[in-house]
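Before any questions on binding or motion, here is one chain by itself as structure tokens, the form predicted on its own.
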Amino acid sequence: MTMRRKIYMTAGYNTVSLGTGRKEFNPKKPRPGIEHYLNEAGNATLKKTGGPKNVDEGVVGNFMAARYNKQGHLGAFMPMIDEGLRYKPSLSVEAACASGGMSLLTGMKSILAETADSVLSLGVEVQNSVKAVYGADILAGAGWYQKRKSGHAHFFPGQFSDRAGAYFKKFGRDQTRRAFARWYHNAIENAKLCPTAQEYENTDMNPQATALNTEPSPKMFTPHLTPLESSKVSDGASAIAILSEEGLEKTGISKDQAVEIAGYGHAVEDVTQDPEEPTRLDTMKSAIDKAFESAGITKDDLATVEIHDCFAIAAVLGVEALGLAPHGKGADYILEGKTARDGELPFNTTGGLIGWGHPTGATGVHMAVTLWEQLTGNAGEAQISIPSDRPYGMSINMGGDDKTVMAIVYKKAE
């Protein structure tokens, strides 16, 4: 599938990813609610794009506000962001942890369908409203909830712990755990360069050693993964403008401050079924392959990747799904330093889900904002070099245990 119309993204914004690790986070004190985050992110993007007059539609990606915050109907919060958005079309979309990616895809499809020239895409989640044990139950809804009673107390970490255990058995525990530790090190290293990251203030000078010396405990967490190899409980929002060529012209933003969407892939698997092979992410591979075909590129054209590292094992399997390493060799690829910010293909340059944070419904939009920053040279201290012969970036946003995946290819606009 080729893109029948040019699509641009620009004017991205991330709030702080708030949760444990941030100095301003105190579980015993009142914290901002979902309205605060929608307002902050939405207004920041509107300010850059010339205000609500340059918005045709709005879309909010969110997973479980109805349970975390007892709030549904999030599309109707758009006019709260700015009165100029009153009576304009807006809706909310949900695809578990890929809700942010679904927000992007919904906006992109409006541009492709020529029903809009400009869409304000947001993603938001406020998860620290409940204790972690209750949050685990809420997050279990990203999978088939009928399995909740027979699953691990920490249901989703348990799902990916099972994948890690299968990978250990098939390809070796020690080498894989060393790769998990290296991945954690890179996540913290990158997060320390991004002021909005949840781990921005992390003071550990050797995260790799810390992770390697922290053994999994089934009594405390899961049999094969530690909390350091898991994404955070986070509150936050991200926003970005999705525009046609005409929409971009109306904002007055120059093309060199925008990214063009070169292609995308969307794949979904049966949520009621266990994975056929736990050491592979087959749905992710399908979405990635579709995105490469749509964009007319290969993995060798990528300068950077934002991957859904909800757990370190997902990063290892994601490296393999991208075709960067053969099945069973993803751990080696990471240990060779190829995913580090100075490596062959830098991943998650602001920390990813483990380092930046994982406000569930916001994550897919956060990935787009990070790639927009990198490809336009606006990433600040987190900026990496983008080779002229590899001008592309890819975001891979996964919902549930490899059940919904959106892969999007970006390039600097010309």
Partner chain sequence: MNYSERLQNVAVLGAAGKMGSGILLLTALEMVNLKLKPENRDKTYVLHAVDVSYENLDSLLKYIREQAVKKAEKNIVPLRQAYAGREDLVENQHIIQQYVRDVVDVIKPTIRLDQASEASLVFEAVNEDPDLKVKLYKQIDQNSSQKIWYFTNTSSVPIGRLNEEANLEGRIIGFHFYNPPAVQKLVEMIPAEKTLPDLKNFADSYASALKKVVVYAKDVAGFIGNGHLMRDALFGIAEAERLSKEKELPRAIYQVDKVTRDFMIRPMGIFQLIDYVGIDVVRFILGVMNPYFKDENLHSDLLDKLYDKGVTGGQHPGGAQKDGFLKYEKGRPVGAFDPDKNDYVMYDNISHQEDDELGDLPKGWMPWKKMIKKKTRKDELKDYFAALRQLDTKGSELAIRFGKNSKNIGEKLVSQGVAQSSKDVNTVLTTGFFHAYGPVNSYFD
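Residue numbers count along the first chain shown, from 1. Here the structure is a predicted model, which is why all the values come from computation and not from measurement.
The form predicted in complex with the partner chain is left out here; the points below concern that form.
Contact annotation for Gly151: at least one heavy atom lies within 4.5 Å of the partner chain in the model of the complex.
Contact between Ala113 and the partner chain in the model of the complex is not found at the 4.5 Å heavy atom cutoff. Proximity of Met205 to the partner chain in the model of the complex: non-hydrogen atoms within 4.5 Å are absent; the residue sits far from the partner. Contact check for Ala136: a heavy atom falls within 4.5 Å of the partner chain in the model of the complex. Taking Phe168, Tyr200, Phe221, Tyr333 one by one, only a single residue has any non-hydrogen atom within 4.5 Å of the partner chain in the model of the complex, and it is Phe221. Heavy atoms within 4.5 Å of the partner chain in the model of the complex belong, among the stretches 279-287, 116-124, 212-220, 158-166, to residues of 212-220. The candidate spot formed by Phe25, His36 and Lys232 is out of contact with the partner chain in the model of the complex: none of the three has a heavy atom within 4.5 Å.
Along 64-78, a single residue, Arg67, places a heavy atom within 4.5 Å of the partner chain in the model of the complex.
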